[in-house]
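Given next, in structure tokens, is a single chain: the form predicted on its own.
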């Protein structure tokens, strides 16, 4: 049975108030004010999204699935991982739902629950975070090397010429460079983690 059929079946003949527990959980997990409960299912988000064709479900369908309590299905969806955070959907949303921020929250929940289909995107995200926490910025050479060694080792030889070109034209460094005042960034990140734990 498809998510659409499940939602229609759950909605048909509904005799008690909707259980919005999951919707509220995601809204609370989203940074800032998500306006998630304000979604009117207009579809502007999916119609505005440059990545919609690659998503299992459009954002509108994800929000309907949240209302239907379909937590596992939502967290297994590739939709949050395909979102490119361009915020075009937010600009066009008549209810000002902060859709990319909700997608970030869903990514975190999927990682915590280990319910993602493919570890490719979560691993890449974790590698990026590791470099930012250690150096204050992304380290492209290390990020690409770590990611491709783990997920696409056979593709690395084919990327040699491109990598060499980037290195020789100073578009990429072979060693990471730490930002100045790293202690201040670390204090900010530690504070953010503390606030996140407090809000759980």
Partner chain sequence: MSNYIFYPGCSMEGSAKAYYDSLNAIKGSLGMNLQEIDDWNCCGATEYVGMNLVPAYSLIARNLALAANQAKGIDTVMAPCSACYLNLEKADYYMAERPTLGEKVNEALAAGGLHYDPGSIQIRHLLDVIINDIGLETVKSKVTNPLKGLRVAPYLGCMVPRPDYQHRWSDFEHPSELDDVLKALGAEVIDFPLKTNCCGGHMTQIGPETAYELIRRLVSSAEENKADIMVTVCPMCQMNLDAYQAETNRYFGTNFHMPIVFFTQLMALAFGKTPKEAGFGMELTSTKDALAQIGKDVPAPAAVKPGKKREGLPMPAPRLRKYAGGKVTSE
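Positions refer to the first chain, counted from 1. All values derive from a computational prediction rather than experimental measurement. Take the two forms, find the largest set of C-alpha atoms that superpose within 1.5 Å, and that set is the rigid core.
The form predicted together with its partner chain exists for this protein as well; it is not shown, and the discussion that follows is about that form.
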Next item on the list: Verify the contact flag for residue 184: yes if a non-hydrogen atom of it lies within 4.5 Å of a non-hydrogen atom of its partner chain in the predicted complex, no if not.
Entry: yes
Item checked: 4.5 Å heavy atom contact, residue 29 to its partner chain in the predicted complex -> yes
Note to self: Can you tell me if residue 179 lies within 4.5 angstroms of its partner chain in the predicted complex, counting non-hydrogen atoms only?
What the structure shows: yes
Check: Using 4.5 Å between non-hydrogen atoms, is residue 154 touching its partner chain in the predicted complex?
Finding: no
Checklist line | All of 47, 63 and 73 within 4.5 Å of its partner chain in the predicted complex, heavy atom check | finding: no
Item checked: Residues within stretch 156 to 189 having a non-hydrogen atom within 4.5 Å of its partner chain in the predicted complex -> 158, 159, 162, 165, 166, 167, 168, 169, 170, 171, 174, 175, 176, 177, 178, 179, 180, 181, 184, 185, 187, 188, 189
Check: Taking the rigid core as the frame, does residue 24 move its C-alpha by 2 Å or more between the shown form and the other one?
Finding: no
Item checked: Shift of residue 136 between the shown form and the other one at or above 2 Å (CA, core fit) -> yes
